[in-house]
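One chain follows as structure tokens, the form predicted on its own.
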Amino acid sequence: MRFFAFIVVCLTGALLLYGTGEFPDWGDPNSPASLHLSNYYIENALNDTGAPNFVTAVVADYRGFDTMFETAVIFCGGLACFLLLRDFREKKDHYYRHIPTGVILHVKDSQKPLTIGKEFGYMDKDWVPPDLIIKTVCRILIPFIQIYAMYVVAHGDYSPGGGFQGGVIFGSSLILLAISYDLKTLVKRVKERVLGIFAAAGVLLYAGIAALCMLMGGNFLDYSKLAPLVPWNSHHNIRAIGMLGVEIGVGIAVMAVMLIIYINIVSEGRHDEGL
């Protein structure tokens, strides 16, 4: 079976490499995109979309279908990781550390877990002593990283940034929590069910805004059709609000999927030990 899968992967890769021969050269000024699309985007993006950053105008307006399916692919990647790696078997062995004395306890009876608090703390099997300086610095930095991530998401239509970048930054802040403390701390604060809901909600928010534009009589992601819903806003403002909703949806999905993949890979699907 593995040999058959290897053959399929090799044939698919060879087919993709063969197809790249039909692409124009990198930076070719005579390529179709350079002769038609690029000039139009550069000259008309501001008037058409109201976004000063025409990269965002392309991603969240002109190329709306592509970006939505990119978000859907990210969601499917997290779902595939969950289905392939998640292990629901209960772990029988648990390791605890008696905080006042530093004594390590190995409990083999899963029915008798110790209460985590000031006296006992979680401990991985391959335990590394906690570093007070690292934990304190990371605890201070994480809120600022998350604020910056929200800034990147909210400011994506005016400057470089957006949902993908902001989602990665926010997810990285939570991964930093797991690395500086332990994986159990992250899993305890961010439940698996919540991550699944966020991953799906991000895609649905993006698709929902697009569907609402169509229901209002416009095209896919034609934000101007949403103006009747907020009559006190101008044409450009409603487009900015619509783009912000799309960026938030992408950011939520990317953040949740990033954590789903990280938690399942480092813990081998057990959600108990890992980096």
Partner chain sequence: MDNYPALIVVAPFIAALFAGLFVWIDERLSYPIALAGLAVSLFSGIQVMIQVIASGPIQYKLAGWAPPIGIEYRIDLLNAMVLILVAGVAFLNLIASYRSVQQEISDRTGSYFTVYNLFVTGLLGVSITGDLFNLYVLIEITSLTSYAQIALGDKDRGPLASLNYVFIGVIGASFYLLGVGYLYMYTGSLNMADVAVLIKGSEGSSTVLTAFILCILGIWIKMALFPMHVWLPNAYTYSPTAFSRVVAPLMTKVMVYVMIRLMVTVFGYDYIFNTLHLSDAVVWLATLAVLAGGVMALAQKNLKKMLTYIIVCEIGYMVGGAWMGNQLGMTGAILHILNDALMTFALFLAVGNMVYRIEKVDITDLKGLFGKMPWTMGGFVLAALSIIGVPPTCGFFSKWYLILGAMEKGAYHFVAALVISSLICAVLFFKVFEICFFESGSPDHENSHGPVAIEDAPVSMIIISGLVSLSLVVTGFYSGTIVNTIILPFLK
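Positions refer to the first chain, counted from 1. Whichever C-alpha set is largest while still superposing within 1.5 Å between the two forms counts as the rigid core. All figures in this text were calculated on a predicted structure; none of them were measured in a lab.
Unshown form predicted together with its partner chain; subsequent notes refer to it.
Each of H36, A200 and F220 is positioned with at least one heavy atom within 4.5 Å of its partner chain in the predicted bound form. Note on the interface: of 131-139, 148-156, 96-104, 74-82, the segment with non-hydrogen atoms within 4.5 angstroms of its partner chain in the predicted bound form is 74-82.
Its partner chain in the predicted bound form comes within 4.5 Å of no heavy atom belonging to K184. Taking the partner from elsewhere, P29 is found to have every heavy atom lying beyond 4.5 Å of its partner chain in the predicted bound form. With a 4.5 Å cutoff on heavy atoms, L16 counts as touching its partner chain in the predicted bound form. In the predicted bound form, its partner chain stays beyond 4.5 Å of every heavy atom belonging to L177. The partner is not shown here, but in the predicted bound form the stretch 17-33 reaches within 4.5 angstroms of its partner chain through a heavy atom at Y18, G19, T20, G21, E22, F23, P24, P32, A33. With the core held fixed, the Cα of F65 is displaced between this form and the one not shown by less than 2 Å. With the core held fixed, P32 shows a CA shift of 2 Å or greater between this form and the one not shown. The Cα position of A51 differs by less than 2 Å between this form and the one not shown after fitting on the rigid core.
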